[in-house]
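Presented below, as structure tokens, is a lone chain in the form predicted on its own.
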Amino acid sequence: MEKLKIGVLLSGGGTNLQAIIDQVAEGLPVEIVKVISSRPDAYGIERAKAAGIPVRALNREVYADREAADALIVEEMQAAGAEYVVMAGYMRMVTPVMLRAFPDRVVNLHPALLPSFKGAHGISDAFAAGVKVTGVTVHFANEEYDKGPIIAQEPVRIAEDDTLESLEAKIHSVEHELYPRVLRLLAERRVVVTEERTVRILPQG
């Protein structure tokens, strides 16, 4: 199978990037052709360098013009040959500049079961609400925050003795399994966005 070429966007520690790198080493048919960080001090940069992945670090000044920043990212990702842009803890909302360049090919990970608990605090918001089940969502990004077509979801039960910290650990553990699983589906060309803007997963083979 031809490997799916992806570019990864991150802002922090890069644990989901590391999970993808580890799965690639185990045979996931994906090639990470570029990593771009929105922050020069993000530890994910070190993870990319350790894996021999070309990396570019941006800074706050670059994002003063969000569309110009996305145009720069698009240029770098296209030059690297990326077919999909994969957000892994990327704390910037993408603009139409990127969405037009990669239509239904910008993928995001959200630490809750969308459409519930949108926004930057999905884990703590779910915990504070006292729900018994939350989870992880992988979806295509669109022009509305946390609202694009959903590719996959995985539930996470909140136990009576869970703390916010233990719930965060559970969520991250599921993220590290679900994201590579979705990337495999994309590599196998089994993910289709319907006219109704929902996602259909084609059967294997």
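The numbering used is simple: start at 1 and walk along the sequence shown. Because the structure is predicted, anything quoted here is derived from the model rather than measured.
Omitted from view is the form predicted in complex with a further copy of the same chain, to which the following refers.
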Spot the stretch among 164-172, 143-151, 53-61, 23-31 with residues whose non-hydrogen atoms come within 4.5 Å of a further copy of the same chain in the predicted bound form. 143-151
Taking a further copy of the same chain as it sits in the predicted bound form, is Thr95 in contact with it (heavy atom to heavy atom, 4.5 Å or less)? no
Does any heavy atom of Arg100 come within 4.5 Å of a heavy atom of a further copy of the same chain in the predicted bound form? no
Please check if Leu4 has a heavy atom lying within 4.5 Å of any heavy atom of a further copy of the same chain in the predicted bound form. no
Flag Glu160 as yes or no: does it have a non-hydrogen atom within 4.5 angstroms of any non-hydrogen atom of a further copy of the same chain in the predicted bound form? yes
Which one, Ala79, Ala71, Val133, Ala120, lies within 4.5 Å of a further copy of the same chain in the predicted bound form by heavy atoms? Val133
When a further copy of the same chain is considered in the predicted bound form, the residues of 105-135 having a heavy atom within 4.5 Å of it are Leu113, Leu114, Pro115, Ser116, Phe117, Ala128, Ala129, Gly130, Val131, Lys132, Val133
